[in-house]
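Below sits a lone chain in structure tokens, taken as the form predicted alone.
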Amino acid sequence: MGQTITQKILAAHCGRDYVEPGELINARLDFMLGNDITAPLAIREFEKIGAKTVFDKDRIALVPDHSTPNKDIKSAELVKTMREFAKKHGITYWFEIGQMGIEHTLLPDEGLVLPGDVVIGADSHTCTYGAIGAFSTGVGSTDLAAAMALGETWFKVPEQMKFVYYGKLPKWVGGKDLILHTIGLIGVDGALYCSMEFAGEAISELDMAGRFTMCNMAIEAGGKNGIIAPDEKTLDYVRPRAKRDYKIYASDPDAVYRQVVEINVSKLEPVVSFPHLPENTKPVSEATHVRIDQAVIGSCTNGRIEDLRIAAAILNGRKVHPDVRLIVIPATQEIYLQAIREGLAEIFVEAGGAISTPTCGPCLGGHMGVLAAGEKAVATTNRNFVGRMGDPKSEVYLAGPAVVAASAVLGRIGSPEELT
């Protein structure tokens, strides 16, 4: 019987030729990560179980990105815990302030997660790395603690779902719109504990930034992981970055899926997700009545240079609406530097926007743009739950960088087409 790309990767990492959805396995891990919210707890548990050393100092990344640079004493103490642990155990990939970035953009850009890998992270959006053909998923801090000691962890092999996107992508429609549309179709639990495999001609057309966005938000449909089989675009991205060997996997033609969903993208509009769930999606033409107080471009979902270029192209020569605060957050230091080199940073500042050092910041209501009661934001972030970006009486609308940039100018949610 044929297997999907996810089954093949998991089978290879537990020494098997075949794994069946639903069975429990122990799999060796290629890489793991923790951040300034989750790693300190994992470190405490690591020490509690009496582990003397990590299994491999080159296979762990510690990234302070959620509330950094430190926003208060508590966040400073959390990062201090990470720093001391990294020094004690000689962790190779400790990303200090100045080198750090948002973890799920930083690690693939640094060539630390690769095709065919099994990767865990104490963060739910670890599923991002499926964009390069890895099996990656989020775990709890206690699971990370055990994995740092043992180099392996357990999984229940997920059921398989396939999403096939066909047709030509319309202008301004990208990976964020595809995944929001998909979540709108199946709901926030429509892929519960399933592998979401994305395929089809529209996926082949997507750049890597769009693919990372789609896999990042698999968790918002309840998915265990999102994954895209590597192609030449993937390899063009991976080859100059890879710090070790990797292996390419692809699904068999006779692989078995619980469900196959086909989506024609050719008539899609940019998509907006209304509060308070990512599944509450509408085309942008049905969202133009929503006035906003804040627009955020960034996060592990849409903080890549491609996203900033889209936003800058719309903002160039225009001004942010006087009632709107525009916050732009490049996902890594290298992306920040590239935005400066390309003149994008100048465009954002001249338009009236504020640029932040790389951080998750407002995405989780941490800092750099927390909302007050009654305020509304449109953001390229990945969640819009009650209180996600601040006060429980605030509202977050999710969209791609084109819609967020246009909305910042219009003072309400709107399409870039309205500015042409």
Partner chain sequence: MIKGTVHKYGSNVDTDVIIPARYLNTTDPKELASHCMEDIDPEFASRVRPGDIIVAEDNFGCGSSREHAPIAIKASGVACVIANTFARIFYRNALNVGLPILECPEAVAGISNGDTVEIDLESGRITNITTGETYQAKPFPPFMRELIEVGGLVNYARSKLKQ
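Numbering follows the first chain given and starts at 1. This is a predicted model, so every value here is computed, not measured.
The next section is about a form of this same protein that is not shown, the form predicted together with the partner chain.
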> Pick from E197, D123, D307, D177: which residue has any heavy atom within 4.5 angstroms of the partner chain in the predicted complex?
Replying inline: D123
> Among L192, A255, A229, I97, which has at least one heavy atom within 4.5 Å of the partner chain in the predicted complex?
Replying inline: L192
> If you check in the predicted complex, is H367 within 4.5 Å of the partner chain, heavy atoms only?
Replying inline: no
> Any of the heavy atoms of K171 lying within 4.5 Å of the partner chain in the predicted complex?
Replying inline: no
> Is there a heavy atom of L41 lying 4.5 Å or less from a heavy atom of the partner chain in the predicted complex?
Replying inline: yes
> Taking heavy atoms and a 4.5 Å cut-off, does K74 contact the partner chain in the predicted complex?
Replying inline: yes
>> Check for me whether the partner chain, as it appears in the predicted complex, comes within 4.5 angstroms of all of R83, I327 and I340 - heavy atoms only.
In response: no
> So which stretch, 291 to 299, 346 to 354, 243 to 251, 150 to 158, is the one near the partner chain in the predicted complex (non-hydrogen atoms, 4.5 Å)?
Replying inline: 150 to 158
> Can you name the residues of 130 to 166 that have a non-hydrogen atom within 4.5 angstroms of the partner chain in the predicted complex?
Replying inline: T137, G138, V139, G140, S141, T142, D143, A146, A149, L150, E152, T153, W154, F155
